[in-house]
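This document starts with two versions of one protein chain, written out as structure tokens and named structure 1 and structure 2.
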Structure 1
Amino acid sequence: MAEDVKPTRKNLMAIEDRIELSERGHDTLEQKRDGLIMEFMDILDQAQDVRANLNQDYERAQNKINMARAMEGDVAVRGAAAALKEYPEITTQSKNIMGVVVPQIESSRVKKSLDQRGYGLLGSSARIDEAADAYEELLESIILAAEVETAMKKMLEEIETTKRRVNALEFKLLPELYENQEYIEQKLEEQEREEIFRLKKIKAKKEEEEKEERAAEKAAAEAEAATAD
């Protein structure tokens, strides 16, 4: 409440400093929010492409594995899968986007040659190889999707946090500061007018007293002159 603020020039200066700081902070946060939204839209476009590719890779992998099972049988497919000796490795790093730390996922040993898959040329077939290729591509798409989706989620969270801070400054803190500033300025103006009125009264009273004093001196001088005559 503005009435809770003591109307002094010191408080007025302090509020003006807070207003200046809050306005700068508001402008900075608005710029950050707009920049985050632009970055988010770029990531969103990328995410839509990644999702589309992921769906295509999933459908292709499903078709390939179904074909391999139909042509080679479940036992052969399971045996080829069980022969795998080298598994993919996933490492995560981080990168900074407009002050937001998002993960950067690196993968290795996802795509494999025939000998790296463990089952060898004699224990495989073209259908199984195609299914393995399709699922390796699917795994790469899943890793990329995980990176993009996580980045998008973190960016969205930061956008919402920044928007709340902008709104808190714009609709709560700054209006309160402006109200307090206006209240103190009005009170100081009233005090100044009262002080001017008081000084005028003092001046008028002093002038009246001086006038009476001069009149008394004049009357005394006249009386003295009349006595001398």
Structure 2
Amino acid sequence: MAEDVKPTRKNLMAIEDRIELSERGHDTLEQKRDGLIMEFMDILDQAQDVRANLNQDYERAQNKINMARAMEGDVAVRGAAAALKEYPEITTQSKNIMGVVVPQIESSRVKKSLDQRGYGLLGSSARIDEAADAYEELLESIILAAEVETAMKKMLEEIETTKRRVNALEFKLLPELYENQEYIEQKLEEQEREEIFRLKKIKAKKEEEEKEERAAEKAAAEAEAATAD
């Protein structure tokens, strides 16, 4: 706090430098925060579209598989599901948005043709194929959603830390620095006033002494004159 600093001119200069730096940092961080929020808004719009699609696809896929289950029986559907050999893979690359690294997910082998599926053409029916198709589409939506939502999570984290930094500077560090600056300035002013007062005192004292000296000299001179007479 304010009393921790020594009221010296050197400290005052150091504090002034720190204030300047902190204010510049504060402005920059504030700009970064606003920029991040703008970028976030863009992603949010995108995310809401993706979400809506995802829910639609999920409902469709559920309908299809329920149909397949009802017509073919649970065992057939599970059997077909267990026979699959090709599995979808995803690879992540990263993209940089204002210093936030967000993933870009690419998928391979999500969509498969009938013969790639591996459960055979004769043993299964069109309904299972349709269900598999619907779920493949759903997976594609999920991958898109994952990409967008991860980006959102990361951006939000960055926004939160930036906001915290801005607030720490604005409400904690800068007020403390200003307080210290004022404390030192006042102390220095007070010292200056004391110094002036001290000088005045000394001057007054000196004048007094000189006066006395002169009076003594005068008296001595008069006494000498008297004895000479």
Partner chain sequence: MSQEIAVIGSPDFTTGFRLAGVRKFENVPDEAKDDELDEAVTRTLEDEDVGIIVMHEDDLDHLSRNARQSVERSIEPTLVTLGGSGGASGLRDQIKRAIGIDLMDE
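Quick note, the numbers are simply positions in structure 1, starting from 1. Since the structure is predicted, the reported quantities are computational estimates derived from the model, not experimental observations. Just so we're on the same page, rigid core means the largest C-alpha set that superposes within 1.5 Å between forms.
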item: Which of the two shown structures is the form predicted together with the partner chain; value: 2
item: Large Cα move at Asp17 between structure 1 and structure 2, threshold 2 Å, rigid core; value: no
item: CA of Gly99, rigid core aligned, shift of 2 Å or more between structure 1 and structure 2; value: no
item: Threshold 2 Å Cα movement between structure 1 and structure 2 at Glu130, rigid core reference; value: yes
item: For Met67, CA displacement between structure 1 and structure 2 after the core is overlaid, in Å; value: 2.6
